[in-house]
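The data below hold one chain only, encoded as C-alpha cells and taken in the form predicted alone.
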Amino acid sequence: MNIKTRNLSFKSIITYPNIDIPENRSTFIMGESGSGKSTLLKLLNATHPCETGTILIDDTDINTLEPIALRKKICLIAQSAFLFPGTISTNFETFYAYRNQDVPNRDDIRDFLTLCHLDMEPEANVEFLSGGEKQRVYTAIFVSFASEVLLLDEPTSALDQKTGDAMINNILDHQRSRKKTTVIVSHSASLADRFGDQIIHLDTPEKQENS
C-alpha cells in the first residue's frame, strides 16, 4: 500500500510538501515541534478528515474510503498508551474484540512482547508497569494486528536509546519480512539515519513563511 499527499494542509495552519510514501519501506517523518508531524499521521489514517488537498491510498482518494475499514489497514500507534485494567492478555483480548479478530495465543503474545523488547509474561498486570513498559505493551498489541501500514508516533520517547533502538530494529525487521509499510515520527536524527529507507523533513509554519 503506497500513500501520496498532494497540496495537503490542515485548518489553514499547516501546509505540507507533496509526500510519497512507498510500500514495503520505512519512512521517517522529522521536524520541529509545531511542524505537524503527529497531525500528518492522523490525516493519513482519517483520524482527522482531509479537508484541503488530497491524500491518495493506492491512487484512491482517502475521502472515498470508509474510515473504520481504513484504520484497520492503516494502523496508528499514538504517543499516549491506553491500556485497560487487568493483564496484558486481557488487553490483547479486549483490543482484538473491538476489531472482531481472533486473539493470538499465549506464545504469540509472548513473541510480540519480545519483539517490542519486553521480557514479560502475558499474565502480568498492567497496573504495575512503568510508562515505558505500558507503551511497549500497547505497541506490541498494534504491531500484532498485521495492518498493511503501521504509523508510529514517537515510539521511543519513553525509552532509553539502547531499548528504543532494539525495539525499532525488531519492528522494522518484522514489517519488512511481511512486506508491510512503516511510517515513524521521530525527533531522533540518529534513529532515522540508521533505520529509515527515506526521511521526510517538515518545517514549522513560521519557517515556511520565511522560506
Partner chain sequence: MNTTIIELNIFQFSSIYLLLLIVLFIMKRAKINEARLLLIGSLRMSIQLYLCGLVLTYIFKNPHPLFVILYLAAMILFSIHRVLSKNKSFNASFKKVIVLSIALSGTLITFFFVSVMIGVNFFNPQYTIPIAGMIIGNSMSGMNLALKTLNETMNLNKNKIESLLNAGATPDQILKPFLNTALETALIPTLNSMISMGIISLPGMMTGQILSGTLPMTAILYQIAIMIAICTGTALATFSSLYIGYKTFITPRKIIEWN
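For clarity, every value in this text was computed on a predicted model and none was experimentally measured. Positions refer to the first chain, counted from 1.
Below: the form predicted in complex with the partner chain, not depicted.
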item: Answer range among 38 to 46, 174 to 182, 23 to 31, 154 to 162 for contact with the partner chain, defined in the predicted complex as heavy atoms within 4.5 Å; value: 38 to 46
item: The single option of Asn105, Ser80, Asn125, Thr114 touching the partner chain in the predicted complex, heavy atom within 4.5 Å; value: Ser80
item: Any non-hydrogen atom of Asp58 within 4.5 angstroms of the partner chain in the predicted complex; value: no
item: 4.5 Å heavy atom contact, Met120 and the partner chain in the predicted complex; value: no
item: Close approach of Ala146 to the partner chain in the predicted complex, 4.5 Å, heavy atom; value: no
item: Touches the partner chain in the predicted complex: Ala166 (any heavy atom, 4.5 Å); value: no
item: Contacts with the partner chain in the predicted complex, stretch 75 to 107 (heavy atom within 4.5 Å); value: Cys75, Leu76, Ala78, Ser80, Ala81, Phe82, Phe84, Phe95, Ala97, Tyr98, Arg99, Asn100
